[in-house]
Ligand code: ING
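A lone chain, given as structure tokens: the form predicted alone.
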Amino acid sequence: MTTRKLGLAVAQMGPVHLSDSRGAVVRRLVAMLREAKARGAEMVVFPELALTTFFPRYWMEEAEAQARFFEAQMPNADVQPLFDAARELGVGFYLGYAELAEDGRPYNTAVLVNQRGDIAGKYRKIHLPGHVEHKPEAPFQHLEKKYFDVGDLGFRVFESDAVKYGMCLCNDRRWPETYRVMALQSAEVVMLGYNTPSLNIHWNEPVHLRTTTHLVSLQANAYQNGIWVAAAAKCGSEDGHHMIGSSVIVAPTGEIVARTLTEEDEVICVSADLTLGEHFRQHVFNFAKHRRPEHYRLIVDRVGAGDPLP
């Protein structure tokens, strides 16, 4: 088996405050793109909603949110320097942002950009967490269900620069179906960005558990699907609201091969052996040989839990 290597980087971001301009944020992204390239990266993963603060924590009218925090075009004048840098350096990237589609519908979106600076794939977030109603008693809001529509593009896999990439966003990473659908399309690398508050407004969940469930979701799904997983946080304290870091690159073995140490802008980079996953995909998780989808029907027939089958 011929070894195939990919220079794979995660570019974690520290806080983006309400007062930070798009231009200032993009300059940070370009700086990390250049650092990643200097360390051998061919693909760089940026966070979810990378261009703005995590605005779903604030209550406002949808029209105001769209005017302040959404992108009607990608790239646009503010973000073009990042695309130009990618083309200059010959390095691809994944970028999360709030998208206002041509039909006016709002999505939490990520794009895959190839080494020529062209968009090669798009994903719109499917597993939207949070709530729609105002919760004035909560320390902050989590209004993704208010500001975004459920993604309509599915979990697709895109071949770019000879690598098969899948994409998802934040809460998607906790759902095993996310990875399995992409693994069934022969994904080799799944990229994702996240903004995960340290505080759970729904019940008293210890901060260490927020990080533990984040990591175990990535590790288990990397192993069970024979894929590399690269996860980029936007983290730290945004205008007093803290989010977890622990950006990671996970191998198909389920092992963490790189992890950030800080809650600031930080680049981690590995030489990912894409053939490593083949050992799992040909043996213990050989889907064609061992899967029995006729016994999994309940997964798609039911949305919520119900009575035991007769």
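Because the structure is a prediction, the values reported are computed rather than measured. Quick note: we count residues from 1 along the sequence shown, nothing fancier.
We do not show the form predicted together with the ligand, though everything after this point is about it.
- Taken together, the three residues 23, 50 and 81 lack any non-hydrogen atom within 4.5 angstroms of the ligand in the predicted complex.
- Exactly one of the stretches 180-188, 229-237, 140-148, 109-117 approaches the ligand in the predicted complex with heavy atoms within 4.5 Å, and it is 140-148.
- In summary, among the residues 170, 95, 222, 167, the only one with a non-hydrogen atom within 4.5 Å of the ligand in the predicted complex is 170.
- This chain lacks the partner; the member of 156, 87, 174, 131 within 4.5 angstroms of the ligand in the predicted complex by a non-hydrogen atom is 174.
- Within 4.5 Å of some heavy atom of the ligand in the predicted complex lies at least one heavy atom of residue 210.
- Using a 4.5 angstroms limit between non-hydrogen atoms, residue 69 is distant from the ligand in the predicted complex.
- The closest heavy atom approach of residue 197 to the ligand in the predicted complex falls within 4.5 Å.
- In the predicted complex, the ligand sits within 4.5 Å of a heavy atom belonging to residue 54.
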